[in-house]
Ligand SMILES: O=C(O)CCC(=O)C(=O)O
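Just the one chain here, laid out as structure tokens, in the form predicted alone.
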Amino acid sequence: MVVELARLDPDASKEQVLHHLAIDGGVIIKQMLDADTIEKFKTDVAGQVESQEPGAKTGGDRTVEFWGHQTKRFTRLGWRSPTFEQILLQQMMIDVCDHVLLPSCDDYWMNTGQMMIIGPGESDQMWHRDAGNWMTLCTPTSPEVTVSCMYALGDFTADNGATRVVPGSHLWGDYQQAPAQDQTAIAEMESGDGMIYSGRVIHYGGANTTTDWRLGLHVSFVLGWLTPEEALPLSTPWESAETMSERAQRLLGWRSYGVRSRLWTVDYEDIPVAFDRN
């Protein structure tokens, strides 16, 4: 029996997406990004895609292994691409995050916007749950702390490194349990498709046995009272963020956090006010 994730049409409702996300921990939505947005974004980052060296430059052995020896990764997408704001604010992803994350926080922010480009000869990545970044909040009874979307900027196939997902693993009672091969779905996607997935579902990048590079874009969001993977205001300086919408600025760390609490402030003011940048 082949294990698969549900695939929904572009006009699928939020309720349909949330239904499959709750059951399987991940769902593929066709054409989340249109061809024009993809081409503009790819043009914006083409130089970095070409010049970026594969593999991690810093970190311990586990980081180097997790990163992949033939995988290119880079962030700072709000700075590198004027088009990235459109992707950051993709409506279905925002709607899902509002529903899943807001019960546990006043607001959320971007965890990371990261290019993940799997090269020829790369092996399977180690399996993991993204919520593991926050350790004690990665348990069968933890609230959802992060939600991600993997966008295909070119076709994802079984041979070129399509993401592997273990449907239902976010509901397992034992998070130390290793997945079996016959429990794993291959998230094959066409360019423009997106896979929204829980921070508690097991997944990993697949091996690339082709001669082509698999071009993927990972965008994830995290509860606003947790530290994200990406150092947001350093990655997207104010000079890049100042023309963005207030919502985008907030997601990129350029607005203060909290209604019941008051966090991430300067002189106890909202950041743009404190710097007279409003």
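Residue positions are given as counts along the sequence shown, with the first one as 1. Keep in mind that this is a model prediction, so the values were computed, not measured.
Keep in mind the form predicted together with the named molecule is missing from the figure; the text below concerns it.
- The contact residue chosen from S169, Q125, T157, Q90 relative to the named molecule in the model of the complex is Q125, the criterion being a non-hydrogen atom within 4.5 angstroms.
- Proximity to the named molecule in the model of the complex, defined as a heavy atom within 4.5 Å, holds among L101, M116, A207, C138 only for M116.
- Comment: 66-74 is the region of 26-34, 66-74, 52-60, 238-246 lying near the named molecule in the model of the complex, near meaning a non-hydrogen atom within 4.5 Å.
- Although the partner is absent here, H203 sits close enough that one of its heavy atoms falls within 4.5 Å of the named molecule in the model of the complex.
- Contact annotation for M150: at least one heavy atom lies within 4.5 Å of the named molecule in the model of the complex.
- Within this chain, S198 is remote from the site of the named molecule in the model of the complex, having no heavy atom within 4.5 Å.
- Annotation: in the model of the complex, residues D107, T146 and R255 none come within 4.5 Å of the named molecule through any heavy atom.
- Using a 4.5 Å cut-off on any heavy atom, the one residue of 209-228 that reaches the named molecule in the model of the complex is R214.
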